[in-house]
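Only one chain is shown below, in structure tokens, and it's the form predicted on its own.
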Amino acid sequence: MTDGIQRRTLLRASLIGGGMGLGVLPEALAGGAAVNPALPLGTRDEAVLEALHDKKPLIKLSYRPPNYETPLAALRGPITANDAFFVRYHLAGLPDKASLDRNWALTIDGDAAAQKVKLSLADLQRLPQHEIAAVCQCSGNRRGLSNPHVAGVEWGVGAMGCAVWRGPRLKDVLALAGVQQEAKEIGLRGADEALMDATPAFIKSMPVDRAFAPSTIVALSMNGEALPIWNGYPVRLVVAGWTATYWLKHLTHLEIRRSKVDNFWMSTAYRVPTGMFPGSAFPTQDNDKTRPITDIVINSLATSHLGGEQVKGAGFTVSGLAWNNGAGIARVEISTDDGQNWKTATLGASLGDFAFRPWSKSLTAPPGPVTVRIRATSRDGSIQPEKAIFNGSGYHHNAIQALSLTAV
């Protein structure tokens, strides 16, 4: 790892902090209602609410590397609190804050860079700063709801969050090294490391045009505060509209390249069959059979109720969130008769096209079971499908939600 940043694991007391360990919380906080009942039985048995240092209790799906899901109750507003934001890592060797504070720097180089530069946090702070509210969503969000089930972290609905990110635009950062005309990709690497030599380093890339997009920033803050250590402190990449696999945490290296990155994480992982999903072109990585996952697809979620809850049939309100790749939300619709008729929900205030868009709908129902179906439509015409498009990695699960309630 560059710049002398030391390898750390989750077991280090410097990360866990002052007695705030990751032990199982009291029985009242065991997964229970916080865990989606549609998840695989094994996941439901093992998932518990645990509090990482500086985090509220999150749904633990794995410990090394740490993968912790945001409970539904923390997704009831358009902005997700820093201490409730989901945690996603591929590698278990995590940097500690003290080491980052001592040694962190961002190196920019590559065969299509005019010069090599090394930047401090102060250097980045001197550049023009920009803010954007944007959804950060794991490509495998809802993987645990896939039917049939597939391998991987068995996420429910909470491998996502929306924050206001602030920092310089990536294009302004890259300009300090000089981007030559031959540049095709920007290689991306952070400070997290593998614990075994056989595990490939988590190195990603993006096409130059996306790196130059005004919605791609090098975030120095999150919701007005320093990034949590679990979410990329001191600097992470924000690629608004694209899934979180490109949002490198603890960013330490940008490589301006004339050729594509050809490694496990680009050539094998995070790829879907060509033509299966819409998404931005990635000319150096697309081929006839597969292409990298890129854009977030249209989706929505009721956050006001858990499945199985009772509601007052004489009048109740269902509310939640809708989001997409930045095309913007055109409408959210609700059906209580298995999709025969749809009623338009009321959209809340927009924080920007890359952010969660709140929605709500007042309903009535006769006593007994009622299924509330929710679907969102983008301004570009994309609409949630009736069923998730199955793929072996469980990516892009965005089927219309069917929320089962009981009217009394």
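Computed from a prediction, not measured in an experiment: that's the story for all the values here. The first residue of the shown sequence is 1; numbering continues from there.
Not on display, but discussed next: the form predicted together with a small molecule.
Note that among 115 to 123, 230 to 238, 102 to 110, 172 to 180, the stretch whose heavy atoms approach the small molecule to within 4.5 Å in the predicted complex is 230 to 238. Interface residue remark: residue 167 is not counted as part of the site for the small molecule in the predicted complex, having no heavy atom within 4.5 Å. In the predicted complex, at least one heavy atom of residue 88 sits within 4.5 Å of the small molecule.
In the predicted complex, at least one heavy atom of residue 270 sits within 4.5 Å of the small molecule.
Within 4.5 Å of any heavy atom of the small molecule in the predicted complex lies no heavy atom of residue 154. When you look in the predicted complex, the only residue of 302, 248, 329, 219 with a non-hydrogen atom within 4.5 Å of the small molecule is 248. Site annotation in the predicted complex: the residue of 136, 334, 206, 254 reaching within 4.5 Å of the small molecule with a heavy atom is 136.
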